[in-house]
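Below are two forms of the same protein chain, given as structure tokens: structure 1, then structure 2.
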Structure 1
Amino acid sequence: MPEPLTQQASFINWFRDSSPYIHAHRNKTFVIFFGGESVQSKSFANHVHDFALLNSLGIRLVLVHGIRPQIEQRLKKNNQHSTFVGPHRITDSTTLQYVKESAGHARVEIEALLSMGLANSPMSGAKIKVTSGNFVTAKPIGILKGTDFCFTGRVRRIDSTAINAHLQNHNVVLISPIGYSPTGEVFNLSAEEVATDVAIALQADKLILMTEENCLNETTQHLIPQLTVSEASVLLTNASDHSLKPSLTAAIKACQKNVDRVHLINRHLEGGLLLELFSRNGVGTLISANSYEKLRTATTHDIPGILELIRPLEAENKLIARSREHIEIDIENYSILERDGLIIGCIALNTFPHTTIAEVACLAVHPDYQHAARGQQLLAHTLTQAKQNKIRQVIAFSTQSSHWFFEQGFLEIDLEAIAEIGIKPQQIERKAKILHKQIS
């Protein structure tokens, strides 16, 4: 029985909306960390299916897995225990054996799932090549404040050349949280630290950290969609949720070392990885060195995006109709708000020769982003431009947004007040209200 039309339309719209991200991610390098809890969960096979999908879309994939719960289980089974100092386990010679066992068992389990190719399964026809190796050179933490950490180590060097060679051959690279010294010793490492250092060494396009919890605003308990490094540092300092501290620490370090973007995604959310990477709003927390929304002057390359943004508003008579040629002539008057290559807002400032009056025009914000005061951000930017150009008064014509302009300090005036610049016939036909604001 065919799917209902509404379901078909929903799928078609989703697939079309995801296509820019499919193109953008192809041939990019992603490093994905997931903890030992994820490996043990019943839903881990679904994560593996998503990894396989990313690989099939041409994404160069490095997977770094954790083994902390696996080590704990082996210790408990043998009536042993570990001591932690801060985030680090003290790894004596006995514990090191359990570390090796846990790493080997987890690696084999992950490789087995990535090797699946059963018909009628999400892995059908995947034919993924997985490679592991001694890519991580390590050194001991040593003795800190009188505590000998034994075989607990830190990353000394990542063999990025070898990893890149495997990625170039379309292999998925799988890395366990253990490292080797030039003298043949094995060290227990933090998986988050390994993932971070691998991402830095590869100059990866993304570091993705699968977390146990969402990154929430502690006051509102709402998901934090994005953070700059400075904002993440403040959150890390004040965070009461200790489970996110390793991920926040890793994200800050990676961004400071030129990894463009770090994503924190709750691993319990079904399909969270795909929703974060292939939808406009995502479902996780994006951390970057700078805000990934850019407010800039428009160019002719932006005209298709501007037209796509304003056409629905023109149809509703919220904006005056503008041709492509009209926008191209005045393109240097336009400013746009861009997010991940998508134009989500625009505004124009049209000046009038021999006057100190300018018009704020073509103010539009994409329906999916009409929050977080983006309209106010565009208007404030344009008012600053007006002041720099020695404009003393800005006007706006509005049929349906006059109250929003009133909230921004505009007042209604009549036609006589702007007789020196006149009014376009289209505005008279629209019966638009004339609004103005003095520039101080």
Structure 2
Amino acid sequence: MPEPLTQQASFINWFRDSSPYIHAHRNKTFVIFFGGESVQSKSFANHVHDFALLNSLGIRLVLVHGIRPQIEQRLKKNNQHSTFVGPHRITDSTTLQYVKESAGHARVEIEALLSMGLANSPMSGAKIKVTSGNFVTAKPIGILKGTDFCFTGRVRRIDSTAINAHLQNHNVVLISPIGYSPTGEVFNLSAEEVATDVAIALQADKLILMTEENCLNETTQHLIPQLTVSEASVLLTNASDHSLKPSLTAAIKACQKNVDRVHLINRHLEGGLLLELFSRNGVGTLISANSYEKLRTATTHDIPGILELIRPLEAENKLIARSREHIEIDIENYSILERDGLIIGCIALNTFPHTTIAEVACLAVHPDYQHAARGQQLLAHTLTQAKQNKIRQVIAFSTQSSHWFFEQGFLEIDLEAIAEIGIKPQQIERKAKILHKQIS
């Protein structure tokens, strides 16, 4: 029986809305950390299906899993316990045995789920290839303040060349929190640290940390959607017993070492990973080194994103129609506002030879991001560029946004006032108002 139209329509809208993200994420490298609690949870199969989907969409995927509860359970079963110093477990030789068992067991479970291919399941036809190996070289923490950490180690080196080779072959790389020393010893490592160092070594596009809870504002108890590194550092300092401490520490380190984006996503939220990666506002906390929006000069790679932004506005006659070729020829005149790989705003500055007049053109901000001064930001950026290029006057043509330009100090003028420049016949045909601003 066909689905009701509204459901079909919402499905179509959802699919179309997610398509820019599918393009933006393709061939990008994501490192995803999830704890041992996640591996044991009932919903873990769903997480694995989501990982498989990301792999099918051309994302280069490295998975790093934790094993803390698995080690705890083995210790308990044998009436033993281990001591922690700060976040580090002291791994004696008996505990190391449980670490190896836990890592081996978890890896087999994950590989099995990634190998599933039952018809009528989300994994049908997925045919995922998984690789694990000795990618992590470790060294002992050693003896600190008289305490010997035994087989608890730190990452010494990540074999990024080997990992990249597997990613190149479209394999999912699965890494356990275990490292090997050149002397042949095995070390128990923090999974968050391994994920962070892998993301840094690969210069991954994203480090994604699946957490046990949301990153909340302590006063309002609302989810914090974005944090800069300095804001994350303040959060970490003020809340010393914060359960997200290892994740925040990992995020700060990764951002400081040039990993562009770190996402904290509550693993309990069904489909959280997909919602965060394929919807406009996401459901997690995005931590980035700088502001998560970048205003920069466009390149030819940005043309599909620019077209996607301006096509609906051309259809409404808010912007003059431009062909792909036209944009390509003038691409260095364009500036774009980029947010997490998506183009959410653009503007162009077209000069006229032998004059000190330039045209501010193709100004657009995506409807989801309007009313937050982004239009002003784009205009201010372009006016600065104009000034640097010794432009004295700027004009703009507008059919429906003239009042916006008035508020930015533009005045309406007649065609005769700018007779020295050749106006395109299309601007005259669409009866656009001519707006003018003197640059001081």
Ligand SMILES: CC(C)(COP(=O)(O)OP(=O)(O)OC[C@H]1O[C@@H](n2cnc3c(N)ncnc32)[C@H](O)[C@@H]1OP(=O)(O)O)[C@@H](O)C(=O)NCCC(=O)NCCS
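Given the structure is predicted, the values throughout are model-derived calculations rather than measurements. Superpose the two forms; the largest set of C-alphas matching within 1.5 Å is the rigid core. Here, residue number means position along structure 1's sequence, counting from 1.
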property: Form predicted alone, given as structure number; result: 1
property: Per-residue C-alpha change between the two structures, G86, threshold 2 Å, rigid core fit; result: no
property: A321 C-alpha relocation of at least 2 Å between the two structures, rigid core basis; result: yes
property: After fitting the core, I347 CA displacement of 2 Å or more between the two structures; result: yes
property: Rigid core superposed, the C-alpha shift at R374 between the two structures in Å; result: 7.0
